[in-house]
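One chain comes next, on its own, written out as structure tokens in the form predicted alone.
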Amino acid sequence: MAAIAQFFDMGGYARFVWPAWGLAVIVLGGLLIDSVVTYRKRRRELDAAEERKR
């Protein structure tokens, strides 16, 4: 159990490491969500343009 506590303590730098990880997860998650939403929007626009072309 002490090894786990040492891991989460990060050698005394936990107060810097864990917020950095959290911020990175939030930013990357936001980028993923934005990418998926934009992809779906562009796909609908392309489908509509192809439909008008026919």
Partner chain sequence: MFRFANPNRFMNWSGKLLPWCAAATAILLIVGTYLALFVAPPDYQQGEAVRIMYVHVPAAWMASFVYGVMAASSAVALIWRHPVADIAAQQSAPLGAGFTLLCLVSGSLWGEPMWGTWWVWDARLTSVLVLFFLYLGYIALVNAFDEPTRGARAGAILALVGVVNLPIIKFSVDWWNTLHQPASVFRIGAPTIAASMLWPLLIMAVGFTLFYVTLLLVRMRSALMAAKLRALRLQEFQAA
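Residue numbers count along the first chain shown, from 1. What you see is a predicted model, and the numbers here were worked out from it, not measured in a lab. Basically, rigid core = biggest C-alpha set you can superpose within 1.5 Å across the two forms.
A second form of this protein, the form predicted in complex with the partner chain, is not displayed here; the remarks below concern that form.
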Even though the partner isn't displayed, in the predicted bound form is A5 close enough to the partner chain, meaning a heavy atom within 4.5 Å? no
Going by heavy atoms, what in 8 to 33 lies within 4.5 angstroms of the partner chain in the predicted bound form? M10, G11, Y13, R15, F16, V17, W18, P19, A20, W21, L23, A24, V27, L28, L31, L32
For R44, state whether the C-alpha moves by 2 Å or more between the shown form and the other one after rigid core superposition. yes
